[in-house]
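Take a look at this one chain, the form predicted on its own, written out in C-alpha cells.
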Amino acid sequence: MSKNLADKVLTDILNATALPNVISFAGGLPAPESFPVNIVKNLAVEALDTKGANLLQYSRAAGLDSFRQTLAEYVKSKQISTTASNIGVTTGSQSAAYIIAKQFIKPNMRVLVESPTYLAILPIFSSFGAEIIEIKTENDGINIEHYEELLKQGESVTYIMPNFHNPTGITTSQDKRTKIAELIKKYNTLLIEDDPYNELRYSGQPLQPIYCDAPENVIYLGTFSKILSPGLRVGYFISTTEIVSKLASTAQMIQLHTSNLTQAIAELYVAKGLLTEHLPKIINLYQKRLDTMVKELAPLTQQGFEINKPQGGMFLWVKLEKDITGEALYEKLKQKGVYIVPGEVFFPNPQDGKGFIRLNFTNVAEDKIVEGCKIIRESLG
C-alpha cells in the first residue's frame, strides 16, 4: 500500500509541474531563484580554460583529486577533520545512498531507520532485500534505549538524518549524537549519516556530526544540490579509506565516475569563496518563506493541529487533528490545485503516518505560500 501511494503521489507531483496555476508544497526542491546561474556559467568557462580537454575525458571513480582536497578543507566548516583519501565524489548524495546499499546491504539484513524516514531511501534499501525496522523517534532524535535494544539483536546498518530531518525537520541533539556514536562503536555497526541540509540553518547553533566521534563506523553524506544546484548532480561521502575504496569500485560499475565538469564547477565555487558569499542569500530567502508559512498556518494550532517549526532545512511537518488523514487531505487539496505530501508515505507501515502531512516552503514564493495556506485552512475548516 505504501509503495502504491508513494508512486501515485510522486506521479501527481511530477505531472503538476506542467500544470498552470498549481501551488506545490510537495517536492523537496530548492528555489530556482537561488541558483547562481551567472556564477555557474563563469565557473564553467574558467574550468574549461584552466583544465581544458581533461575535464571532458573519463576519470577516476572516486572523484577529481583537486576537488577531494578542496572538500577536505571545506568540511572543516562542519567540524569534520579528514583528508582527500577519505572522501569520494558521487552523482548526488542519492547516488551515494544507492552505492552504499549495493555494497553493504544483504538480503534480509536489518536496516534501522528513524520513524518516519526519508521517502526515497525506503525503496533503495528494499530493492536489496533489506528488512526495514523503525527506531522510536522523539523531538530531539531517536530513542537511545530503543536503538540499543535493536543493535543487540544482531547485524544491522543504520540510516539517520540528524540535521533538519526529512520529513519532520527534527534536529538530533548533541547529547544523542554522542550516545549514538558510542553505541555504533560498542556494537561495531555501520551508520549512514545523511546530511543534505547542513548549511541551511536559520536558527540555533551548528552541531557536530556523528561522524566526528565515530569515523570508523560512519559514512557521512553531503551534497551541493541544496546550496548550488541539484541539476549539476554533485555529492560526496566521507569514511575510512577502505570504505571509500570499496564504494568507488561499486560506483565505477554503476556510473564509471561523476562528471568532471560539474566537479570542477563545484570545486571553484567552494575554493573561490563564492559559496560563502552566496549562502546567506539562500538562507535569507528560505527563512522568510518558512516564517510566512508558519504564520499562515498558526491559526490551525487552535484547532488541535501541531506544527513543528524546524531550525533549518526545507520542510514543515504538521500533525493533523485526529479525525483527518494525510491521504484524505492530499486528495482534497489536489482538487483545489494545492499539492502536499501525506505522512503515510514516510513510514514502512503507512498507518503510522496517516495523521501527518509534509509541506515544502523553499520552492514557493511568499505570495503563493499565503494563498496556498489559506486554501489549506479553508479545507480544514
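If you're wondering where the values come from, they're calculated on a predicted model, not measured in any experiment. In case it trips you up, residue 1 is the first one in the sequence shown, and so on.
Separately, the form predicted together with another copy of the chain exists; it is not shown, and the next lines address it.
Answer with one of 132, 232, 275, 300: the residue that has a non-hydrogen atom within 4.5 Å of another copy of the chain in the predicted complex. Here the answer is residue option 232.
To verify the annotation, which of these, 259, 86, 189, 198, has a non-hydrogen atom within 4.5 Å of another copy of the chain in the predicted complex? Comparing distances to another copy of the chain in the predicted complex, the residue within 4.5 Å is 259.
So in the predicted complex, is another copy of the chain close enough to residue 48 to count as touching (4.5 Å, heavy atoms)? Yes, contact at 4.5 Å.
Touches another copy of the chain in the predicted complex: residue 115 (any heavy atom, 4.5 Å): Although another copy of the chain is absent here, residue 115 would stay clear of it in the predicted complex, with no heavy atoms inside 4.5 Å.
Contact of residue 333 with another copy of the chain in the predicted complex (heavy atom, 4.5 Å): Answer no; every heavy atom of residue 333 is more than 4.5 Å from another copy of the chain in the predicted complex.
Is the gap between residue 44 and another copy of the chain in the predicted complex 4.5 Å or less for some heavy atom pair? Output for residue 44 is yes: heavy atoms within 4.5 Å of another copy of the chain.
Choose one stretch from 290-298, 97-105, 202-210, 178-186: the one whose residues place a heavy atom within 4.5 angstroms of another copy of the chain in the predicted complex. It is 97-105 that comes within 4.5 Å of the partner.
Along 37-60, which positions have a non-hydrogen atom within 4.5 Å of another copy of the chain in the predicted complex? Heavy-atom contacts to another copy of the chain in the predicted complex: 37, 40, 41, 44, 45, 48, 49, 52, 53, 55, 56, 57, 58.
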